[in-house]
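Here we start with a single chain on its own, the form predicted on its own, put down as structure tokens.
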Amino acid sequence: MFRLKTLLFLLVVTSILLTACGGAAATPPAATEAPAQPEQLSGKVTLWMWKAAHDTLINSGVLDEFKKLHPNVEVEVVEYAPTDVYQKLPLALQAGTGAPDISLVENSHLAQIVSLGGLTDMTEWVTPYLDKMNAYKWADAELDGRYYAMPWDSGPVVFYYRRDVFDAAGLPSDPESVSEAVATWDDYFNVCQTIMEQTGSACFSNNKANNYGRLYEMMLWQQGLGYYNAEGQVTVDSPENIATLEMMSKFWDANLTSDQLEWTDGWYAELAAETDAKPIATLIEAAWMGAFLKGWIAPGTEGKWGVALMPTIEEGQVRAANDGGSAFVIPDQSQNKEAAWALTEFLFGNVENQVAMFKSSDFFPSLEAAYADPVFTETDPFFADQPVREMYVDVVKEVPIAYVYGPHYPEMNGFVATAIQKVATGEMSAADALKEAADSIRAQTGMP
């Protein structure tokens, strides 16, 4: 028995040695398991966003790229209008059920959503990006030193103008000259007077009875102002805010504006009109407006637009403001937070993907490393071959931190919009109307 066992043992050893030496007659080793891979993400991620943003993910191809990287993650996009998001998301957060894994939120409503609670604390995830995004974008995402959102796009504000109207008014129409001509709001007022006298065109649209304060907010932002200050005190009735509204009212008093309401058919028609039909001469708005003008509002006006720097209230101030922009939040209810963050980081923390989405939609990236891409120096035929994106980059770097948005933005904006309407229709002075609005805000919010 002992000899038999010894013989068998020697045969086994010999076989192993022959295999290890790679002899020609050796049998190939059995296939081994693949090297261990990082844990694969899986499951479903539900995302709430509006159609324009969804179209950007689809048309840019970035969503398909994410699916290639994470084939076991199903991404379901539910399209809601922004107003629907701001009804459904707060209800779901407060109820503790019914929220998606991710939601897109405009910066105008972000601080309000954050203050409700119920969002995932994303501080550890976003910390590597704090110095890589536009600094002002983090203000609405932060609460008590913690961060609850990841920025997507920014809204650097510029001065759009009709070159053909400026030419008809006998004014220089190249961007550098226009920037110089409208350096301050007083300068802008003089330019608007010339345009009205020489062409009959209104300088810009600024509805009186239904004004909701968007232009006024951009004027405040440019000065680093807002509806409250860093200490949480209401500043709606501050001397600076009053002076800003008084400046805006000068244009109404001089009949230099159109009364068309933004985002209505009449407003679109004014922007798209031919020169002899007296188009609106100028428009102060964010970079994303360029995509709307050339995409669906006024595609027939290619080559007739230019982009300059916005005016300032006082000489020497930065010629930059913000309007809009958005971010992703991850509700704490999410059952797939790791996958939700993986998608968020893939979209907004990746230069290539941010550039792809920008090319698709003109949603201006908050990720500053993206600006090194050659697309930001390209000329744009819609703007008479002006390299307008270079100006967007210059402007976004100058946008000050302001206190326009915040946890009580809907209430503050509502009261201020009413004040603006009262001033525009001659019912009250700017000082009285804003004092009334400020007192109402203090009473409703408890802010000092």
Partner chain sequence: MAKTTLLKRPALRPAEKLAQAWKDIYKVRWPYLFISPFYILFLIFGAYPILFSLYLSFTEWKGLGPIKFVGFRNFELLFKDKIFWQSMANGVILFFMYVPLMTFLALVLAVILNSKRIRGFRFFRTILFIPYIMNIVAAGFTFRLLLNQKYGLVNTLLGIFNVSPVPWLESAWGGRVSLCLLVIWAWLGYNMVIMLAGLQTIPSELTEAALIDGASPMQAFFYVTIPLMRPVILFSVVLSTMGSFNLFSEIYNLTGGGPINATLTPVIVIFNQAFGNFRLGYASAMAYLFFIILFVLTLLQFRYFGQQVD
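Residue numbers count along the first chain shown, from 1. Here the structure is a predicted model, which means the values were calculated and not measured.
In what follows, reference is made to the form predicted together with the partner chain, a form of this protein that is not presented.
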Which of 162-170, 354-362, 90-98, 313-321 lies within 4.5 Å of the partner chain in the predicted complex, heavy atoms considered? The stretch 90-98
Task: Partner proximity in the predicted complex: Q260 to the partner chain, non-hydrogen atom cutoff 4.5 Å - done: yes
Is F415 part of the interface with the partner chain in the predicted complex - any heavy atom within 4.5 Å?
yes
D380 within 4.5 Å of the partner chain in the predicted complex, heavy atoms = no
query = Is the gap between G200 and the partner chain in the predicted complex 4.5 Å or less for some heavy atom pair?
reply = no
Picking from A269, M196, I242, A183, the single residue whose non-hydrogen atoms come within 4.5 angstroms of the partner chain in the predicted complex is A269
- Taking G61, K67 and F376 as the candidate spot, are all three within 4.5 angstroms of the partner chain in the predicted complex by heavy atoms? no
Checked 285-320 against the partner chain in the predicted complex; residues with a heavy atom within 4.5 Å, sequence order, are none
